[in-house]
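The data below hold one chain only, encoded as structure tokens and taken in the form predicted alone.
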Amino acid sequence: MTTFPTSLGTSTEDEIRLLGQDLTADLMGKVGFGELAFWLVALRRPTPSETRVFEAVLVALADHGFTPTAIAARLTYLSAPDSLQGALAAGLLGGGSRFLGVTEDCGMYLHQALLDHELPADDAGWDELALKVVTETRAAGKYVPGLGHPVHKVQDPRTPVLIGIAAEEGLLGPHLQLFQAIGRVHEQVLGRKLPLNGAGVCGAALADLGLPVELLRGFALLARAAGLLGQLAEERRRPIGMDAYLTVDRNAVYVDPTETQDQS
């Protein structure tokens, strides 16, 4: 008989097992959801320090107000109030390179840079490596993911807090150290000072926890799912979806497609 191996969940008539544990006896009421999410991916139970950093990342990414993901969820709910799952999914589908995706993009960028170079021994070494990495990125005509923020122009308020928590827990690893160094030296290459995006710091922190960099966007989406559920709950209590729709629709103006687009 064909079998399908798994290290995650299995069920019998009278028992559910998850991660080799009895779900009801070993996990329910004893393991937090964030700790479980980490465990499901890493296949090891995180330490209390790892759990604190991981859950700080989830909190940092949960909700940022009327972002495109939140608006997409609310407008989908307006159109199909019978489909909560559709509205939630619509918001999650909007997690990409401009919103939420920077968590994974930054983590992968730092991870690749570290694979290609030896780890420095001190801050001067990290600055030298960061300068080399940023210079190479600029020469290739690319952007450093995680630099800059559309709202927080001077400092993303999440950045020092996340770095501080990682330091307190002894988990300020090479990804965060390189990202901090990029924050110190990038102005020499780019000619302007940009803040370290909190979502990028989240990616660096998750990578330092040893989580697969290819899955980092998934953790951002996990966090945002909670925020979107809150957005949809508020849409039920205090709806703005119809106003948003009508504001755009009633102010739509036809433009002859042959006319030159106004760039102003």
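Quick caveat, the model's predicted, so the values are computed rather than measured. Note that residue numbering begins at 1 and tracks the sequence as displayed.
Below, we refer to the form predicted together with another copy of the chain, which is not included among the displayed structures.
Contact between A167 and another copy of the chain in the predicted complex is not found at the 4.5 Å heavy atom cutoff. Q231 belongs to the set of residues with a heavy atom inside 4.5 Å of another copy of the chain in the predicted complex. At the 4.5 Å threshold, heavy atoms of G125 stay clear of another copy of the chain in the predicted complex, well away from it. Although the partner is absent here, E118 is not a contact residue: none of its heavy atoms lies within 4.5 angstroms of another copy of the chain in the predicted complex. Contacts between 4 to 26 and another copy of the chain, taken as any heavy atom within 4.5 Å in the predicted complex, involve F4, P5, T6, S7, L8, G9, T10, S11, T12, E13, D14, E15, I16, L18, L19, G20, L23, T24.
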